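Here's a solo chain for you in structure tokens, the form predicted alone.
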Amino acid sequence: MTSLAVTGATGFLGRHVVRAAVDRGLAVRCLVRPTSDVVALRDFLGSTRWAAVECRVCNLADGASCRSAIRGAGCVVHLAAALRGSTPALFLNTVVPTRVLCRALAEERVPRFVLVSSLAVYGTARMTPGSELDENSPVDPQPHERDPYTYSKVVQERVAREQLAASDTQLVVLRPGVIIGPGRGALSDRIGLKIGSWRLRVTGRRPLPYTYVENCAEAVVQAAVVPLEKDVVCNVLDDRLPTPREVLRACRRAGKQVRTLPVPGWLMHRLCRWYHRYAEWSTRQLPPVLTEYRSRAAWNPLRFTNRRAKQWLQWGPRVPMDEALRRSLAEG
């Protein structure tokens, strides 16, 4: 039986990964911080599943703590990462722990490492509108021009490859799209820019790269156990991706008041360009948070595929998108 060590086990995706792994009969070890909400994880899993889980306090910034926590594991799933904050803060809380953990993996000769990254690492701003984004698409060459989160995930992947290159540990990188589900909802910045109580809906008919949290969790568990001959990278996306219009209609059917204003993509890119120029001209009296590069990266109308995840991970989303949206909006 595969022994699975999971970082970030108390997070939104992590708790679903733990539940899916326990349901598969895997031995699960949750690596938690002293401040982690273990009680919430216990309540989420229920008493029967909780009895099959081991929780171990681990400091991911300390090599000795990591080595002790992962010793004997057949696979380590790394979900712990900062989602918000400045570039230095995300580097400290995402990249540095990954470097320390990967060194521990190599030293302990853990057979497999599943790194949960993000679809955000791709250089979508430079892609031709309407083209297909897959695992062969280039990683963003200018992540520092996007946002701290994108930059931290690009560097995190690079660090993992460098640290494990000469080791016996197999690296599996998963790049999920926007993860939706109960407690998080289905609205995201991929739909458009949120200004106060209004949301600018950019190009309403393009597909949104969404994945339902239960489907994504099953892909993570599958990546930990399926036989693989080499290091792999897989995008994790659901079938029949929704459009911004469909998500907003689902919101309204769920009784949620969403005020939207449709904006064509070309106009949104131009508005962001003007905003950035004014921010620079005014010596940054306005924060330079909007640029044309960020706009094109976020709202470039592309096509997405999950072919490789289906083929290599032998995975497929079990919860269809209509049901995923209903569940997400019922509580989100």
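A residue's number is simply how far along the shown sequence it sits, counting from 1. The structure presented is a predicted model; accordingly, all values stated were derived computationally and were not measured.
One more form of this protein should be noted, the form predicted together with a small molecule, which is absent from this view; the next part is about it.
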The one residue among L193, L171, I179, L241 placing a heavy atom within 4.5 Å of the small molecule in the predicted bound form is I179
From the list T124, S117, T203, Q222, which entry has a heavy atom within 4.5 Å of the small molecule in the predicted bound form?
S117
One stretch from 126 to 134, 74 to 82, 102 to 110, 159 to 167 that, in the predicted bound form, holds residues within 4.5 Å of the small molecule by heavy atom:
74 to 82
At 4.5 Å between heavy atoms, is Y149 in contact with the small molecule in the predicted bound form?
yes
If you check in the predicted bound form, is S36 within 4.5 Å of the small molecule, heavy atoms only?
yes
Using a 4.5 angstroms cut-off on non-hydrogen atoms, would P317 count as touching the small molecule in the predicted bound form?
no
Are any of the heavy atoms in A21 no more than 4.5 Å from a heavy atom of the small molecule in the predicted bound form?
no
